[in-house]
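Next up: just one chain, as structure tokens, the form predicted on its own.
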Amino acid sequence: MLTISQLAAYAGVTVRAVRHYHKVGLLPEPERDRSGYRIYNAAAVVRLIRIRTLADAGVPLARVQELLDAGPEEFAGGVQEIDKDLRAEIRRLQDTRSRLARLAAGEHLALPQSVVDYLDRLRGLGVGERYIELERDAWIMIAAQVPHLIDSVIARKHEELDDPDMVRLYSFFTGEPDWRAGDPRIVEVADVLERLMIRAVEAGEVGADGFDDQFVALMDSTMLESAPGAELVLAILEERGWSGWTRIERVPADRLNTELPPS
């Protein structure tokens, strides 16, 4: 006959573990001797070793009991089911690790890879980090609003970067400008934007965009608050009859055939 310490030593577990198995009902508590000590037999050693073996194999304690009492076929089926659950958990943890690794770059937080690649392309054009952050935050909101459209939207943005006017537009954002009224670059930016807007209208690329009006208003206000000179550029465009920033709301017909200064 064995004491609880001896039982634990034979099975390779701690006394605390034995008491826990008693508490959760995996290991029946034996009768006590005249001195009040629990006395264990060989059957308890065998059961405890089986419990430890299953637990070490990754079997949840909640499932150990059913496996201990199962027949050969039920035991095999139970182990396969647990293995399936463990493999699913491993895949989940691997995905989590991959996401954590991507988060080290910062921009992968809440952004798909296609957007990250686009931001990297902007960096390649010399766009400053201040504006990269502004674009990133906007794309985070867009990706959350229309996740099913983001890849196609980004593909179109890549195509737009083949337009010299678009490249010219981003060339204004390579540093940390503090544009004020009277800065000639304000008018030049407005001219470049208007050429891009005219081409978008003529190509039929304005209209339904998948965004609700409140979201469009949020994007507009974010741009006006964050981008130096944006309010001044917008004022010039409104003087020319345009309305809208994130979404073109009004198109001045008399401007569609206007010859604007070349880039």
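For the two forms, the rigid core is made up of the largest set of C-alpha atoms that agree within 1.5 Å on superposition. Quantities reported herein were computed from a predicted structural model and do not represent experimental measurements. In this text, residue numbers run from 1 along the sequence as written.
As for the form predicted in complex with the DNA, it is not shown, yet the points below apply to it.
Worksheet item: residue 57 near the DNA in the model of the complex, any heavy atom under 4.5 Å?
Response: The answer is no: residue 57 has no heavy atom within 4.5 Å of the DNA.
Worksheet entry | Exercise: residue 17 in contact with the DNA in the model of the complex, heavy atom 4.5 Å | It does: once the DNA is placed as it appears in the model of the complex, residue 17 has a heavy atom within 4.5 Å of it.
Practice prompt. Give a yes/no on whether residue 36 approaches the DNA to within 4.5 Å in the model of the complex, heavy atoms considered.
Written response: So residue 36 counts as contacting the DNA.
Practice prompt. Verify the contact flag for residue 242: yes if a non-hydrogen atom of it lies within 4.5 Å of a non-hydrogen atom of the DNA in the model of the complex, no if not.
Written response: Residue 242 lies outside the contact set for the DNA.
Practice prompt. Go through 211 to 219, 57 to 65, 232 to 240, 191 to 199 and give me the stretch that gets within 4.5 Å of the DNA in the model of the complex, heavy atoms only.
Written response: Going through the listed ranges, the match is 57 to 65.
Worksheet entry | Core fit, then residue 217 C-alpha moves 2 Å or more between the shown form and the other one | It does not, since the residue 217 C-alpha is displaced less than 2 Å between the shown form and the other one after the core fit.
Worksheet item: If we fit on the core, is the Cα of residue 54 displaced 2 Å or more between the shown form and the other one?
Response: Residue 54 C-alpha, core-superposed: shift of 2 Å or more.
Discussion item. I want to check residue 197: does it shift between the shown form and the other one by 2 Å or more at the Cα, with the core superposed?
Written reply: No, the C-alpha position differs by under 2 Å between the shown form and the other one.
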